[in-house]
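We begin with a single chain expressed as structure tokens, specifically the form predicted on its own.
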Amino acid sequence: MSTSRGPEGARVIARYWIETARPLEEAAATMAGEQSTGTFVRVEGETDALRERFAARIEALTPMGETHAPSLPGAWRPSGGAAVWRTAQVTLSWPLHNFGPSLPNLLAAVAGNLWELKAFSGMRLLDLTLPAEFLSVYPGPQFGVAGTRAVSGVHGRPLIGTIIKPSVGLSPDATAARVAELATAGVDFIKDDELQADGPHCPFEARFSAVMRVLREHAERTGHRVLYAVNITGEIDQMLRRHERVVSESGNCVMVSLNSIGLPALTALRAHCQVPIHGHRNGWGLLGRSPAIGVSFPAWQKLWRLAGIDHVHVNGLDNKFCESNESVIASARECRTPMFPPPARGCEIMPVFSSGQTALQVPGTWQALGTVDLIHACGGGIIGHPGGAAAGVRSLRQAWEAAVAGIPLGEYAREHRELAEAIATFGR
């Protein structure tokens, strides 16, 4: 969907799925009025000229079907007789001059009180299209795919990554020892767990310094500089101080829990950041799991991208969570889909596959995406390999070599022991 421009200028476009017992046209008009000029009755000052200039408008309304039970409690139903709840897709647009190029105020318009309206027994924001004017305020990702590859030195294949486990409980020195093992095994990318930021048992400064000592030694010995996404999640001033510490010790990546810090904090971090920002979407299920309420990942990730992340988690194929493979692939594709038409910047970022990943998911991932521009983060798929972590890393690289070359995994495994062991171990 391209950016809409009328005689009044740029517009923001939002597409929704709705469920309602009211007539669909009436329900769509309720959405548009609630989130722009209207209230439940027309009031003094709400002139036709004002509404023409500032009201949200209905761009499209497509009926989808009917159901005989509401998805959510508290919705309006007609008195007497059997109610029928209708579903539809609704596309609304707002003139940009209602709120300007501001992500927090954009959210107030497209995702404000809508979910509380009694007229609806279900509603989900499916997609957003933003005008390029937002780029005058939000620079988008600083590194993205090309910059991440430049920092990591990895080209022509996915970055093979892993997560420091146990999630919590390791001391700074124990964390550094685990990182040394993983770096020696040949991983390209290591991230903190989202649960480990600045706890008293493993405070940020002590942990980061200990980890950087072993990573600098590893780089001096091998020439391989591992990308380490240290978790700096916290208050805005804390994150900025931690970022400065990262830069002062030659760190090369920071990680934040996106839903925890919010868009304004992410924007503030991006304004100061000198390294790639690794975005973890923990808590996403609260927004995205139910088909009857919330926000789809394709819509929400656009806001994170514009605010400045360089990578974001999209789950993985056959993951341990509830997300389907189709949804995972759609999310990964969205990360690489330009947000704005040329000549504006596209704001593409690197998707991160994680959650129960091993060499077995590689052929399906390659077949569905057709690109190696991703981070493949595997915990047990590396550390749980019977030959050890180094063999786990080799098995993943071998799986990607086979997939890109169009060679079946089992056939390639005949001459690649680590891959054969991974198939035997994780295929049970």
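The first residue of the shown sequence is 1; numbering continues from there. On a predicted model such as this, the values are computed, not experimentally measured, just so you know.
Below, we refer to the form predicted together with another copy of the chain, which is not included among the displayed structures.
At a distance threshold of 4.5 angstroms between non-hydrogen atoms, N319 is in contact with another copy of the chain in the predicted complex. Contact annotation: F297 falls outside 4.5 Å of another copy of the chain in the predicted complex, judged by heavy atom distances. Taking non-hydrogen atoms only, E44 approaches another copy of the chain to within 4.5 angstroms in the predicted complex.
Taking non-hydrogen atoms only, R178 approaches another copy of the chain to within 4.5 angstroms in the predicted complex.
For the options A206, A219, A330, L72, the one in contact with another copy of the chain in the predicted complex, meaning a heavy atom within 4.5 Å, is L72.
Of the residues P338, P104, P139, G147, just one reaches another copy of the chain in the predicted complex with a heavy atom at 4.5 Å or closer; this is P104.
Partner proximity in the predicted complex, defined as non-hydrogen atoms within 4.5 angstroms of another copy of the chain, places exactly one of 246 to 254, 208 to 216, 341 to 349, 287 to 295 at the interface: 287 to 295. Residues of 185 to 217 placing a heavy atom within 4.5 Å of another copy of the chain in the predicted complex, in sequence order: E194, L195, A197, D198, G199, P200, H201.
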